[in-house]
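What follows is one chain in structure tokens, specifically the form predicted alone.
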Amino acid sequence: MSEVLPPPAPKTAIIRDCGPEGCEVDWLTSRTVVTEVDDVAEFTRFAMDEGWGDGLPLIPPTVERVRAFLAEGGRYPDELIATLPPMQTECTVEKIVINAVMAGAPPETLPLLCAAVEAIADPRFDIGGLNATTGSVVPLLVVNGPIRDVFDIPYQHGCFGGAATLANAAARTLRLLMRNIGGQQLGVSSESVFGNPGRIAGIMMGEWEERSPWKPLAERRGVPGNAVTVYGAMGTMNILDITSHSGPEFLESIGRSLAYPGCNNFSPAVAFGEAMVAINPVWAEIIGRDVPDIADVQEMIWRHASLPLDAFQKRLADSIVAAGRVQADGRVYLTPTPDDVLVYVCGGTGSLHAHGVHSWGTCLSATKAVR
């Protein structure tokens, strides 16, 4: 009696039964560059010559390091996360990991990195336009949920820059991906006139949810729990207030500070705009006591973040009128609606300051779950 054998596996089947120790099928498919250089300083110079670097030290992404990162990160290397413009290159988990290794990011941040790539690839975010613009825009990441502490993402003192944590390397990884996978190259695919420091190290912080009188930012945007929100940031501005005592006073100070004629949001060439406001926990307690509804907080900032038409030079004012940007009250508002003012709580307990972040103009924030 003959033995009945099972049918052979399809040739397109993907074998996923191996890890960093090796396997019969090599599941790392990126182009391999063979070099004997494993010293960080020497590799950094080598990588800069190859066009992979950002000027900061890079760790050589050897096969062993990439495999070890993948094994601990728990994702398959061939998984396609997104296609990144302007080069329209497929960004797989393997390519994310290679850049994460170079940046020095810890393996446990891989789910966050995958979610961040998904977010910047969301069509509403317009990463293609962000990569090419003359503006200084860079993705800013706000992280919500328990992963803030698991990944040691700063959300207290110095959270916008200066907190010593390995999570900073995850923000840098996103920038390397935009450069090495997306193809953002100054003077070629990017016409940014000035750029900003965030275009090297990235900008990422968490929300201090435990000190916020409102629901977390991501939850208000429909994604509860572990999540990342990506925002097209034109840079950051400090808002100092040493005299206000009530919630409405603080919100007036914040709104008025956000509105200035040269802001991208007021340009008639900009289709829409958002505004991001980070409020320190001391002010948040006072504002939450006096203005408990976050929608009212957004509305009050929005109302004060406006200018009369005569605040603009005549040619600009004429263009604003022609674009239909003047409201019935004769004022020009920073964003189309109060909902476009994104408010969250973070920062130290030294009080005195809020942080304002203007948007570029065609980037709409995107929020994705971190799985």
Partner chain sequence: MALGTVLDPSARRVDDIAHPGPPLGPLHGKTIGFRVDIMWRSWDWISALWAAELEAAGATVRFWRAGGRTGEEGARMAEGLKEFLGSIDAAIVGLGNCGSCTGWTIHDALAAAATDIPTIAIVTQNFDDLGHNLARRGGRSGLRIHVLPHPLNERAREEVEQVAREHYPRMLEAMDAAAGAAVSAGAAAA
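Numbering follows the first chain given and starts at 1. Since the structure is predicted, the reported quantities are computational estimates derived from the model, not experimental observations.
FYI, the form predicted together with its partner chain isn't displayed, but the following is about it.
Visitor: Can Phe43 be called a contact residue for its partner chain in the model of the complex at 4.5 Å between heavy atoms?
Guide: Residue-level check for Phe43: yes, a contact with its partner chain.
Visitor: Is Glu209 part of the interface with its partner chain in the model of the complex - any heavy atom within 4.5 Å?
Guide: No, Glu209 is distant from the partner.
Visitor: Does any part of Val66 reach within 4.5 Å of its partner chain in the model of the complex? Heavy atoms only, please.
Guide: Yes, Val66 sits close enough to its partner chain in the model of the complex that at least one of its heavy atoms falls within 4.5 Å.
Visitor: Using the partner position in the model of the complex, report whether Ala369 sits within 4.5 Å of its partner chain, counting heavy atoms only.
Guide: Because no heavy atom of Ala369 falls inside 4.5 Å of its partner chain in the model of the complex, the answer is no.
Visitor: Choose one stretch from 71 to 79, 88 to 96, 105 to 113, 201 to 209: the one whose residues place a heavy atom within 4.5 angstroms of its partner chain in the model of the complex.
Guide: One stretch meets the cut-off, namely 88 to 96.
Visitor: Looking at Leu28, Leu56, Ala311, Val321, which is the one with a non-hydrogen atom within 4.5 Å of its partner chain in the model of the complex?
Guide: Only one option qualifies, and that one is Leu28.
Visitor: Please tell me which of Ala295, Leu240, Ala271, Ala164 lies within 4.5 Å of its partner chain in the model of the complex, judged by heavy atoms.
Guide: Filtering the options by heavy-atom distance leaves Ala271.
Visitor: Among Trp52, Pro60 and Glu191, does every residue place a heavy atom within 4.5 Å of its partner chain in the model of the complex?
Guide: Yes, the whole trio is in contact, each within 4.5 Å by some heavy atom.
Visitor: Between 326 to 358 and its partner chain in the model of the complex, list the residues on our side with a heavy atom within 4.5 Å.
Guide: Contacts from 326 to 358: none.
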